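One chain follows as structure tokens, the form predicted alone.
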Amino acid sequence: MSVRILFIGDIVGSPGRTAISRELHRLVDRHAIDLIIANGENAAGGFGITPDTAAELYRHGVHLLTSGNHIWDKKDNSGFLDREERIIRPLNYPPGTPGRGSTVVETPAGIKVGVLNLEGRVYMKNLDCPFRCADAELEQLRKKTSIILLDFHAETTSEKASLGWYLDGRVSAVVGTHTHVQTADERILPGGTAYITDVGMTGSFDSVIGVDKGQAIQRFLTQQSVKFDIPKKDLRINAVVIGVDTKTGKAVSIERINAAC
């Protein structure tokens, strides 16, 4: 018996939420999905998340939201993150940081799935070591379930690939987020861990990683701070479908999705 998990790449602004509203139900039916997880750190205006945007994604069928460095971009979010059990933030932030870094969710059939969120350190914040944080947290999660998915929100392919190999055989899947560009390296590692360097993004592809392409070009040309708008054309969902054996926790399949909306 296997459980089928749909993991959706970084949802960017209202176009990303629109893509979810249009296409998610078809993806669920087509791939016989049991559990839907999405990275939602950019769901509100392209930066951060709010209670209203999270609630909208839940209404469309998302069961759990992971995040990353932009989860802090909306003011007064700390109380929300402490209250909301369906959002997790990277575990390797300092003690006392609002929110939680892992959780266990159940599918409608009652299958328990552990979900862990970590943030990379290369070209990002000086956080605790994601490798050692994973070691400690996995000891606790594996007491509850053998099925564990990790969202590694990181900048470099080398850091993501290294963590994938480090955890091979100890988690069901390592999926990368943050760069908004879907990679074509999905595979199952020798120990049974499904891996992809970056799942990609969900939103407008008439853009530069989700923001207005003209404004992004202007920023590179002038090296000046530019306020980014979120375009609304060419909507797509980037995701992966991961099949996991419910007895062993080993991945049996991983399929990359690039669905036009």
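Since we're looking at a predicted model, the values are computed, not measured. Don't overthink the numbering: it's just position in the shown sequence, from 1.
What comes next is about the form predicted in complex with a further copy of the same chain, which does not appear here.
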a further copy of the same chain in the model of the complex: contacted by all of Val122, Tyr166 and Val208, heavy atom 4.5 Å: yes
a further copy of the same chain contact at Leu127 in the model of the complex, heavy atom, 4.5 Å: yes
4.5 angstroms heavy atom contact with a further copy of the same chain in the model of the complex for Val181: yes
Close approach of Ser158 to a further copy of the same chain in the model of the complex, 4.5 Å, heavy atom: yes
Any non-hydrogen atom of Asp185 within 4.5 angstroms of a further copy of the same chain in the model of the complex: yes
Contact stretch among 28-36, 55-63, 222-230, 42-50 - heavy atom within 4.5 Å of a further copy of the same chain in the model of the complex: 222-230
Single option in Thr97, Thr103, Thr145, Thr107 placed near a further copy of the same chain in the model of the complex, where near means a heavy atom within 4.5 Å: Thr97
